[in-house]
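We begin with a single chain expressed as structure tokens, specifically the form predicted alone.
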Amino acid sequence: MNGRKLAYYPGCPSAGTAVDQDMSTRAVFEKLGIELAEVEDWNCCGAAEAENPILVYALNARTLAIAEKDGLDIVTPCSICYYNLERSNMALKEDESLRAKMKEIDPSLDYRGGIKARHVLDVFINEIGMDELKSKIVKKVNIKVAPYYGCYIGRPPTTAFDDPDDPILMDQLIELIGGECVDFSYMKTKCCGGPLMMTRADIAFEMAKNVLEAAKRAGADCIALACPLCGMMLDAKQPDIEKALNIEIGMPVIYITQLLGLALGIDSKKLGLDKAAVDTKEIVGKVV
């Protein structure tokens, strides 16, 4: 990190469905003494434009170029944003003709490949490190957690910061702060159904239900995650899933930044824990 400073890319959900993820990310980095400089006038990562790679590359080239001007690696809490930033970063670094095409489209897309794209989990474990994090922990998160990585955090696999098939970094962080990881390995990288929500809500609800019920069967007090789309499906949509499928789940869903924030002694409201659809009071009460 350049002088304990990173360019921060909040992602589109940060002002809506994942405002709690954004709040907790900012609060945790502040507590850790790392400045997040929000990318000026940032734009969407192109998550809805997957079938048009040139548009995705252009959108992310602009964001990367802005961060590059300040010489700062760029970090995001959103797994999908990380995927789009990093796959664009890889393509632009490796393909001179693509970089030329971007510059031809607009001079603001002139990215020269001088920085890294990072996910917050990567920064926590592989940059800050377990020893420094441990020295900052002031409370024990005495809960059983189902670590849910989702299907994006291991992409692109060629530059994955964790094992794309069997990721463990979130498990390590949960254990560091005093939590217990339940047996969730068979489910932790399965899709939550989010990409199907607009076209086949019935299938999306079934997929999300499978994740939620698996965590419940494993004895988890909550699910921890790092993706706002997963957060929307598993938390915000949980009441709708219960109603549509005539079931009762009641599984709290918390971002890993919120769990880490609790261990760092940050107030639960500053972490956005009061904004969850499924009540998190019992989880907060188990932090001592």
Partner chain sequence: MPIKTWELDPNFRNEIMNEPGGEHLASCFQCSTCTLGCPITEIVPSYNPRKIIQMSLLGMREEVLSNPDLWICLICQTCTARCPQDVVVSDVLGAIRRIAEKEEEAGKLKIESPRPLFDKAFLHQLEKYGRLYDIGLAKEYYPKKEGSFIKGMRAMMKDYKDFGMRMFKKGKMGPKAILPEKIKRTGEVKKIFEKIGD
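As the structure is a prediction and not an experimental result, all values here were calculated from the model. Numbering follows the first chain given and starts at 1.
From this point on, the text means the form predicted in complex with its partner chain, which you will not see here.
Among the candidate residues M130, A218, I168, L196, which is the single one with a non-hydrogen atom no more than 4.5 Å from its partner chain in the predicted complex?
Exactly one listed residue reaches within 4.5 Å, namely L196.
In the predicted complex, the one of A263, C222, L59, A27 near its partner chain [non-hydrogen atom within 4.5 angstroms]
Contact with its partner chain in the predicted complex is made by L59 alone.
Counting only heavy atoms and a 4.5 Å cut-off, does its partner chain in the predicted complex sit next to every one of E35, V123 and A214?
The answer is no; none of E35, V123 and A214 reaches its partner chain.
Looking at 185-193, 114-122, 135-143, 70-78, which lies within 4.5 angstroms of its partner chain in the predicted complex, counting heavy atoms?
Single hit among the candidates: 185-193.
Hey, in the predicted complex, is G178 touching its partner chain, heavy atoms inside 4.5 Å?
Output for G178 is no: heavy atoms all beyond 4.5 Å of its partner chain.
Contact of T17 with its partner chain in the predicted complex (heavy atom, 4.5 Å)
The answer is yes: T17 has a heavy atom within 4.5 Å of its partner chain.
4.5 Å heavy atom contact, I54 and its partner chain in the predicted complex
Residue-level check for I54: yes, a contact with its partner chain.
Taking 4.5 angstroms as the cut-off for heavy atoms, does M251 touch its partner chain in the predicted complex?
No.
Out of 14-48, which residues reach within 4.5 Å of its partner chain in the predicted complex, heavy atoms considered?
In sequence order, A15, G16, T17, V19, D20, E40, D41, W42, N43, C44, G46, A47, A48 come within 4.5 Å of the partner.
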